[in-house]
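Shown below, as structure tokens, is a lone chain in the form predicted alone; questions about how it binds or moves come after it.
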């Protein structure tokens, strides 16, 4: 099997991630739910992970790293907690449904004014600007520093969806002017599924999206206000967080620049071998030096699901077809009916796998 569906989830994980999860399963109690050694070990492990992620993303305070199940939950927390009734939110056509659906619901239920760049123009004032760092369809990357300046000039908070870039492309919240960073652990960060988080700049007050058990201040009828408890109701995925912590260690030890260079090199190697094949249409801009390691394509009018199935059944190549939960991007690309087949690379792929995928595309295009 050649696994090229890493934009959905990384299948190959660093060995130390697997070991960390296994060890945590045998030692961890419930973080912040007791003073016995199992609970204390869980609390210590969770805090270590917060501190590592704060340093990794340029978030000034470890207690402002909030753990979630994934980027979807992180984005729901940020969007629902920061956009007031009747407010204004600005976003783009690149977005995943994890951004679009919360915004559409706020538009319908809270009377929020929703604008899309560039066609709607930028309002004089907005409450939030929310955008993805990289398209999960094309791999194109946005200039976050520029977007952050635009947002702040309009008096808006800047929310970033880093699902496709966290762990692969360097992110510095302070340098890039990011107020709220939402990430998932199971893609570029190479951690377990069921992990993710929200990094919040000091001074940004997000209203709790969910409330419940916190392990502290139990007689308070409302969710305690201090971070991170404010946004972390319920038992955390301590075992997954232990694995995510080990994944950050692996990335730091290997070097995020080295990881990105290898992933980008594999994606561009594949692209260079297929770009001249008759009948193959490739989506995205490959001229900038910075991209997510994604190559999406179609062959003629071949249905993307059928093409992906052929790649799997005949060649053992795993890809992702369809709309990728990004409907506005597909409409903009003119691929709404057909979808696209997405090849996405990780640090653990090889040049031989990239070449085999290119060979398979060439054979299918020739049929």
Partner chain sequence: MREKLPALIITFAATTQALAAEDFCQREGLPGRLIPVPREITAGCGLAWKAPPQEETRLPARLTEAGIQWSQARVIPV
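Residue numbers count along the first chain shown, from 1. Everything numeric in this text was worked out from a predicted model, so none of it was measured.
Note that the form predicted together with the partner chain isn't included here; everything after this is about it.
Review point. Thinking of 44, 61 and 228 as one candidate spot, does the partner chain come within 4.5 Å of a heavy atom in every one of them in the model of the complex?
Key: Yes: each residue has a heavy atom within 4.5 Å of the partner.
**Study point:** One stretch from 337-345, 322-330, 298-306, 47-55 that, in the model of the complex, holds residues within 4.5 Å of the partner chain by heavy atom
**Key:** Looking at the partner contacts, the answer comes out as 47-55.
Practice item. Report yes if any heavy atom of residue 312 sits within 4.5 Å of a heavy atom of the partner chain in the model of the complex; otherwise report no. Key: Judged by the heavy-atom cut-off of 4.5 Å, residue 312 is well away from the partner chain in the model of the complex.
Practice item. Spell out, yes or no, whether the shortest heavy atom distance between residue 27 and the partner chain in the model of the complex is within 4.5 Å. Key: So residue 27 does not count as contacting the partner chain.
Check your understanding: Is the gap between residue 252 and the partner chain in the model of the complex 4.5 Å or less for some heavy atom pair?
Key -> The answer is no: residue 252 has no heavy atom within 4.5 Å of the partner chain.
Check your understanding: Does the 4.5 Å heavy atom contact test between residue 69 and the partner chain in the model of the complex come out positive?
Key -> Outside the cut-off, so no.
Practice item. Heavy atom within 4.5 Å of the partner chain in the model of the complex: which of 217, 272, 174, 205 fits that? Just give me the one. Key: That would be 217.
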